[in-house]
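Only one chain is given next, in structure tokens, and it is the form predicted on its own.
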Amino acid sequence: MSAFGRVGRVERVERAGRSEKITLEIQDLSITYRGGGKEVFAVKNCSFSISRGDVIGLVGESGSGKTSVLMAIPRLLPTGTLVHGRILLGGQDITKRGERAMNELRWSRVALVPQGAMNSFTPHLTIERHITEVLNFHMKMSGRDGKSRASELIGTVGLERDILTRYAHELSGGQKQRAALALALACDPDFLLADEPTTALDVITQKEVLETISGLVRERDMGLLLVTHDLPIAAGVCDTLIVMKDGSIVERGNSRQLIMAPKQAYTCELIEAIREMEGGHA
């Protein structure tokens, strides 16, 4: 058996295969930022759940709290931020875990594609080195097995293998975003968190990258939480939309139904603004 076959055996047994319906639950989540002697309430009593196999879009204008919610899941909010509520992964409250346990969880169970692909990479490391170091640290995979897995991942996200020998600054925006996706998929996580993954990309590349992300998530029976201010992008790839405003959830529902018949005034405003930008078309 290869190293990859042996990797994370305890974790795999715990998950009992992809047939198990693992759920990520956000319960009464509130987030307050502190700084300069002030407190800013970013999220207020936010609750929702996502199961493996779900593709959910968390949408709203800038400052609505959507990225704060996403970054609270892997506990990557700024030091000193106050977080109340529970985040359950497979029924276990991960807000109670120590930092060492969270480091293991961040790649093997929950992985992040951050806003701006360069945030995924260290400038002096090749793309291959980034992926193999993650595989070595989290899955004890090294040498030929690690390089083979890195090559497989790069091909999976639609990139040529020669990308592996290059550095992030040598890649186009779309290539960097796909490489960041390959990195996030390295440890075969249950859930993928994508924070504005198409920022600064042209419209055609945005569509291609999002189709790649959603296609791989569905193929691997993962759960996807996509954060974006772009409602049409979210509606195009997500089954469910959750709309946030001023730190609170104001509406949620099936993507098509929510776009065609929104119930809340704020959602109507978002859709109307999009129609105006697109010349009056829905």
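Residue numbers here begin at 1 and follow the sequence given. Every value quoted in this text rests on a predicted model; they were computed, and no experiment measured them.
If you look for the form predicted in complex with a small molecule, you will not find it shown, but the lines that follow are about it.
- Stretch-level contact check against the small molecule in the predicted complex with heavy atoms at 4.5 Å: of 47-55, 211-219, 60-68, 252-260, the positive one is 60-68.
- The single contact residue among Q115, S151, N136, T205, judged by any heavy atom lying within 4.5 Å of the small molecule in the predicted complex, is Q115.
- Proximity to the small molecule in the predicted complex, defined as a heavy atom within 4.5 Å, singles out one entry of I242, A42, I233, L29, which is A42.
- With respect to the small molecule in the predicted complex, the three residues G91, W107 and D188 uniformly fall beyond 4.5 angstroms at the level of their nearest heavy atom.
- Looking at G155, you'd find every heavy atom of it more than 4.5 angstroms from the small molecule in the predicted complex.
- Although the partner is absent from this view, G80 stays clear of the small molecule in the predicted complex, with no non-hydrogen atom inside 4.5 angstroms.
- Within 4.5 Å of some heavy atom of the small molecule in the predicted complex lies at least one heavy atom of E196.
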